[in-house]
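A single chain, nothing else alongside it, follows as structure tokens in the form predicted on its own.
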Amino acid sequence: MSGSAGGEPVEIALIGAQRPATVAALERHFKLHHVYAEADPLAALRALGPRIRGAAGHGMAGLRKEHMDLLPRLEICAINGVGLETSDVAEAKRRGIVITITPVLYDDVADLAIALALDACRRIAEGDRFVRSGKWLHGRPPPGRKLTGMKAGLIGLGRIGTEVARRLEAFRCEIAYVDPLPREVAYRHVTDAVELARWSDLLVLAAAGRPKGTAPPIVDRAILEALGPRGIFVNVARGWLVDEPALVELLASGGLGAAGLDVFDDEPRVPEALLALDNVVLTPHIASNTEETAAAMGETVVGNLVSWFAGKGALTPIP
């Protein structure tokens, strides 16, 4: 094992599940403890205590204060993803613990945002069901909407939002955005999300947010109502950043035109009312789930831990 000190392998706690290829690669360098799979993960960490010098998690299972309290020698936590809502970043910085992410997934997330927008516009999943059910034998489905030339609003113009915007440019969309930081871009900066929604035909949520339950939704009922009965909403961020009950109600009542959703408030549980609606396309949080990106993310996790314990520093630490 390369991650060793004084002949003893460095011990790593897996606080979130990793793909088999990532686990196999980590095992070539470190001694792993699959604490996330234990009936009581915190008790497992307590038993390991100061033996643990590194950890690996993912965007939905980050590094929390209670983890750090049990791991006095923890130096680094590699997150398989870019979401930090479940990690106590401030506490990690206070303790001198490095957190790394895998900034290799932006293309895939942006690609899926466009796929969801196209599906919601052109009713592709609904059309698939229409054909499979035999309904085509009895008539034509209702028409869809044209994505090309739409007014597209983006909530969040960070790395993912920027990639979504670049793809929307190819559809000759007029683009505007809200973001806490004005960007050096050609798109129109709007300061009020309700105003942006009222202007938009398509609204994409691509923003980072606060941990679940710590702040109101970024996309509330007022924004969804402003988007209106012909508006299309796409979410590739986090489910809890949207007022999900209002979203479901408006989709069912016709107050919102359509939606493409990859994330939900209580995954993997999805509101039953959504399952019966034809004006929404649902995917199971797969925005970064391609063979190529999954491999690259795993390699980044491994690379960060190997580099750190080789004394070369982390490869992709957060600021």
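Just so we're clear, the structure is a prediction, and the values are computed from it rather than from any experiment. The first residue of the sequence shown is number 1, and the count goes up from there.
The next section is about a form of this same protein that is not shown, the form predicted in complex with 2-keto-D-gluconic acid.
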item	value
Non-hydrogen atom contact residue 47 with 2-keto-D-gluconic acid in the model of the complex at 4.5 angstroms	no
4.5 Å heavy atom contact, residue 200 and 2-keto-D-gluconic acid in the model of the complex	no
4.5 Å heavy atom contact, residue 80 to 2-keto-D-gluconic acid in the model of the complex	yes
Touches 2-keto-D-gluconic acid in the model of the complex: residue 297 (any heavy atom, 4.5 Å)	yes
Stretch in contact, per heavy atom within 4.5 angstroms of 2-keto-D-gluconic acid in the model of the complex, of 246-254, 66-74, 284-292, 33-41	284-292
53, 97 and 301 all contacting 2-keto-D-gluconic acid in the model of the complex, non-hydrogen atom within 4.5 Å	no
Residue among 232, 219, 105, 157 with a heavy atom within 4.5 Å of 2-keto-D-gluconic acid in the model of the complex	105
Contact set, 52-69 vs 2-keto-D-gluconic acid in the model of the complex - heavy atom within 4.5 angstroms	58, 59, 60
